[in-house]
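One chain is shown next in C-alpha cells, namely the form predicted on its own.
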Amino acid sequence: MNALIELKNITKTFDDQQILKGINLKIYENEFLTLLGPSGCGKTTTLRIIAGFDESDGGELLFDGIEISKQPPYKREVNTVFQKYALFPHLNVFDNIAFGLNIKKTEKSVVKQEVEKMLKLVGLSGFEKRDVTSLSGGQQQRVAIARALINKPKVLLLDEPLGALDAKLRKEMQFELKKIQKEVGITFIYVTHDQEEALSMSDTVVVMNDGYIQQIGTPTDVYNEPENRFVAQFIGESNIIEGTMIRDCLVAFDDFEFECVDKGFKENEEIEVVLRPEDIDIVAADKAKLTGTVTSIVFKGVHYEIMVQSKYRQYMIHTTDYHEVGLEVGLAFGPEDIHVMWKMV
C-alpha cells in the first residue's frame, strides 16, 4: 500500500537547537495516526511542517508521491484544528463553519446543505444561529472540527485539540473524534502528550523524544512491546529491570532464570526487562521465585497500587486484591508477561 504522506529524513532547527533530527515516517489513507511525546520532542513541529506553516531544513515531504515542501499551506489538501480553536467571535456557528466555502464563493444553497451535514456530523444540529462565544469548550471544539472538515481535506491535522477541556469532556471528545474519523473516512494526524488519549484513539502511535522517532506501532504494540526504556516509561507504568538474555526464550534477572517468549538476542546479551504492574500477581511467598515485603498500598479506584520491596528492587503491582503493609509475598508472572528490550547505551 502506497503512503499518502511520506516524510524522508526531515530535519529542523530553531535558534541553533535541532528540533527534528531525521524523521522518517509513512502515513496512510484513512489512518488515525498520533504523534505522542513530551513537550519539546518535535511532534508539533512535525505537524506544522506537514501543514506548511514551517519549512524543514532538509529532507523530503511527499503527498501522494509529489514533493510539496515548497508548497504554501492553502495549496495542500490538509486542514488544521488547533488547541485554541481559532473561531471567529463575531460570526455565529453557521458562518464559522461556512467560512471556507464562502471564501471560495460557493453557491449559498450548497453552503447551507454542507453546513447542515457538518452540524449533524459533529452533533450540533440546531446550533447554527448560536453565538460561538456562548458555547461550551467541547461545543466550540466541534465547531472548529466542522469548519476544518467542510472543505473536504484529504488529511485533518489536530494539534492537541482537547488540551483545554476538563477530564470528563476529554474522554467524551476522544470517542467523538474517532467516530467522526470513521464516518468521514479521511486521514487524521493527531498530536498529544497524553498516553491514554493516544492509546484509546489511534490506529498507529508514533512515539517521539528529543527530535527522534522512538517507536512506531499499534497501541497494543507500543504498550505491550516497547522497544526501549523511554517508550516503556512514557507509556503506562513499568517495572524496568536489567537482566541477561541467556538464550532465546530464557532470561535471567534478580538471581533467577525465567522463561519468556522473546527471541533474536545474542546469547548472554545484557538486556532490559519490562514487567507491567497489572501483569504481576501477588501470591503466597512459597509459591513464587521472587519474594518481597509489601511496603505501601494506595487505592486508585479501579485497583490498588501496591509496592513490594524485594532483595534487589521495589516492584509496583496493580491488583484488585488488598494486601497489608508488612506482609511477605511472592510475585508471579508468566512467560508472556516478560517483555525483553535491547539495552539503551
Partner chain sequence: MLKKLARISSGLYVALCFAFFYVPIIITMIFSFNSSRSFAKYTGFSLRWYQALINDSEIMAAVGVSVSVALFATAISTVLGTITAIGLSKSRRILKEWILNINNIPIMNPDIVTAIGLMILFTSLKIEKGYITMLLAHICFCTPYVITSVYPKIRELDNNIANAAMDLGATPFQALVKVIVPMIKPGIYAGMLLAFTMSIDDFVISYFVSGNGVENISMIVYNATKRINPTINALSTIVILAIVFAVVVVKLAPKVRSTSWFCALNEKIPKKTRRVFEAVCGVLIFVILLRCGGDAKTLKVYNAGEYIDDSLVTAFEEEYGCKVIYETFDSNESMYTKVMSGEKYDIIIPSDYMIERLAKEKFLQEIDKDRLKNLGNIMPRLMNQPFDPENKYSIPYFWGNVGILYDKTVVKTEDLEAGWEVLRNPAYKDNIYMYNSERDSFMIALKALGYSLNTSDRAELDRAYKWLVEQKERVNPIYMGDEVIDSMIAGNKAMAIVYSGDAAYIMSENENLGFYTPQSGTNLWIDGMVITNECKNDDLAYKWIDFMLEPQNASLNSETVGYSSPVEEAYKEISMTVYADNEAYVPRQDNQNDEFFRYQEPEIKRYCAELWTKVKSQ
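Bear in mind the structure is a predicted one, so any value in this text is a computation, not a measurement. Numbering follows the first chain given and starts at 1.
Not pictured, yet referred to below: the form predicted together with the partner chain.
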Within 4.5 Å of the partner chain in the predicted bound form by heavy atoms, the stretch out of 216-224, 167-175, 129-137, 67-75 is 67-75
Contacting member of Ile240, Ala86, Ala252, Cys249, with respect to the partner chain in the predicted bound form [4.5 Å, heavy atom]: Ala86
Only hit among Phe234, Phe99, Phe258, Phe265 for heavy atom within 4.5 Å of the partner chain in the predicted bound form is Phe99
Non-hydrogen atom contact Ile271 with the partner chain in the predicted bound form at 4.5 angstroms: no
Can any non-hydrogen atom of Tyr312 be found within 4.5 angstroms of the partner chain in the predicted bound form? no
Quick one: is Leu119 in contact with the partner chain in the predicted bound form, heavy atoms, 4.5 Å cut-off? no
So, Lys108 and the partner chain: in the predicted bound form, are they within 4.5 Å at any heavy atom pair? no
Suppose contact means any heavy atom within 4.5 Å; which members of 20-49 contact the partner chain in the predicted bound form? Arg48
